[in-house]
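Given next, in structure tokens, is a single chain: the form predicted alone.
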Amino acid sequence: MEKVLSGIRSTGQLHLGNYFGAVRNFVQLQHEKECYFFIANLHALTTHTDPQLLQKSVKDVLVEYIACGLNPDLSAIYIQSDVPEITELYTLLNMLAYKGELEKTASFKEKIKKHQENINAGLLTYPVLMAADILIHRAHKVPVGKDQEQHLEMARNFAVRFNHRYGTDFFPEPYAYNFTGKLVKVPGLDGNGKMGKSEGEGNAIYLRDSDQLITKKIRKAKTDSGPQHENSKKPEEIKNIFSLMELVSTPDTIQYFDETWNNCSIRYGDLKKQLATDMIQFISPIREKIVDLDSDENTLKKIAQQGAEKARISAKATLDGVKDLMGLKSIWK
């Protein structure tokens, strides 16, 4: 059976970009594949996260994973740092990574612009740790957002490089997985770019947001002065609002507002009000489950332990094979 793996950084709560870009796929995949889903708290350390906030955010993401429909009986749901084999493989893969290729990654270039006072080795080798996350289970498919395609390509490169260097086919080449055949990029509310935690609070709609906050954020979404002639091309900020509507609204609703755009009768207040209504209707059931799980510490602890145990069985088998091929297996055993 094909193995599928993906995860998310524990640097805050989940937003719609996380859900539609990844978690929605996870929920369906767990019924079809051997799945490993993790919370990437080690990746979060590259930005020197406060320890208490880090622990809270790990719990928040675990709660939200389960509330969105992930089932610990169908897949391994675990916290990255609970599987020490990952960091050991990360160390070994660093021997296959070259400084030049790491410096050229888009994520590194972006991060050093934003964090010039904290350009640490973890930022540089972020793709290597991501590769270790994937390769530790010898995963075949990785449901990722469009912004992570380059990192996934690097994971493939490390797998090929390892196999070539040690004359083996030990690692399969991991590829992106999406049910539609197209990677989903959820736009933010600021009029450009993707929805993300690092883009500011008002840019993203979180699964924990109240009805009032969702309405407020959408009301403030960037728009323009409106179409100047019939059937004109939508500018980026208006396309973004329609893209969000396509995620949560009915086809009839989208068609109605598309027609009002084309005939220049669109009212942005009505557009935003409808989007907020549809967004609230979509998020409310998930938020209710989140509230219930937040206080159930025993269930959360059991899920995390169960997930780590499953993940470590797979991880140990991979790491033992890697160390054997690299000549690191003890000669005295």
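From a predicted model like this one, the values you see are computed outputs, not experimental measurements. Don't overthink the numbering: it's just position in the shown sequence, from 1.
As for the form predicted together with tryptophanyl-5'AMP, it is not shown, yet the points below apply to it.
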Region of this chain that lies against tryptophanyl-5'AMP in the predicted complex, out of 206 to 214, 94 to 102, 222 to 230, 123 to 131 [heavy atom, 4.5 Å]:
123 to 131
According to a 4.5 angstroms non-hydrogen atom cut-off, is A40 in contact with tryptophanyl-5'AMP in the predicted complex?
yes
Contact of K239 with tryptophanyl-5'AMP in the predicted complex (heavy atom, 4.5 Å)
no
Contact flag, S249 vs tryptophanyl-5'AMP in the predicted complex, heavy atom cut 4.5 Å:
no
Heavy atoms within 4.5 Å of tryptophanyl-5'AMP in the predicted complex: does R9 have any?
yes
Indicate whether the candidate residues I136, M154 and K316 are all in contact with tryptophanyl-5'AMP in the predicted complex, with contact defined as any heavy atom within 4.5 Å.
no
Option touching tryptophanyl-5'AMP, based on a heavy atom within 4.5 Å in the predicted complex, out of I79, I218, V184, M245
V184
